[in-house]
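A single chain comes next, written as structure tokens; it is the form predicted on its own.
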Amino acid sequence: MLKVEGITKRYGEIVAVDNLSFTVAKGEIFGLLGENGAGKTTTFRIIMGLLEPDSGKVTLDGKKIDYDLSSKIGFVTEERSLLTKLTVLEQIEFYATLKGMNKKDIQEKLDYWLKYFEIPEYKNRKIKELSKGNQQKIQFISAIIHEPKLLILDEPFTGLDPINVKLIKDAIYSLKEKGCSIIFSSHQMEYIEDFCEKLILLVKGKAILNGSLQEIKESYAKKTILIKGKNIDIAALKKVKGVINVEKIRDELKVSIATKDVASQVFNIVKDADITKYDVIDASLNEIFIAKVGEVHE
């Protein structure tokens, strides 16, 4: 288990991380969200032992993260950190050796992952000769080849097509099933909703949301109603107190409401029309992210 307890980090007058606490259990995928400059990168560096917090502490399985324990961590950075003049084999051997692996195990596992990603012929190709998508696969392999206890993924799907996104998703789920603790960060909220059971939203280094994805979505007051049908009185819908917006998207109406209670009033307006669909759904994580970050900046 990763345990982050009250960490704070300042750069002069700027508080990059402000009394941040969370835990990531074995076999759990945890979302760390925030706009650019929110403190995510500083948090990652503290977790990996590259920075010391001004206060607070970080432990992995009850131990402070030092040089020896850092070999149990894998990290996929948003910016590629590959040595482009090396071959794929040389690159992986370099990283895996630093993580304490021997050459025999490196060869076996590299062959497995290259076959998994359908690029075995690239083993002796230089990194710079690979496409951006294939470079991203090599970066992912370098982060997980030693089967880390903790894996940090910062925008891991950059440059990948849907087929390769699925391959990496399946690999992440496989690591989860083996008990790896995973921190996932992305600006693409659909990936967070797919993966994460719990999450934190950082704004200016401080957690403004912290909890399970389901609880966060259920507790957010604003909801959306999707309606499909004929002869719907749109003007009457717009007059309902608590209706924020009515938008037509293809053959559906998207009605944004302030609270779930407004749904019954909307239903009273449309119940006598020719309705084939009436769904009240929670706000998307993207909507919640925009609203919560906006509140802090107001």
Ligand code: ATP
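Residues carry their position along the shown sequence, with the first being 1. This one's a predicted model, so the numbers in the text were calculated from it and none came from an experiment.
There is also a form predicted together with adenosine-5'-triphosphate; it is not shown, and the following applies to it.
- Note on contacts: among 16, 20, 288, 24, the single residue with a heavy atom within 4.5 Å of adenosine-5'-triphosphate in the predicted complex is 16.
- Contact with adenosine-5'-triphosphate in the predicted complex, defined as a heavy atom within 4.5 Å, holds for exactly one of 41, 256, 70, 265, namely 41.
- Of the candidate stretches 230 to 238, 243 to 251, 53 to 61, 32 to 40, only 32 to 40 has residues whose heavy atoms lie within 4.5 Å of adenosine-5'-triphosphate in the predicted complex.
- Proximity of residue 123 to adenosine-5'-triphosphate in the predicted complex: non-hydrogen atoms within 4.5 Å are absent; the residue sits far from the partner.
- When adenosine-5'-triphosphate is considered in the predicted complex, residue 187 lines it closely, a heavy atom lying within 4.5 Å.
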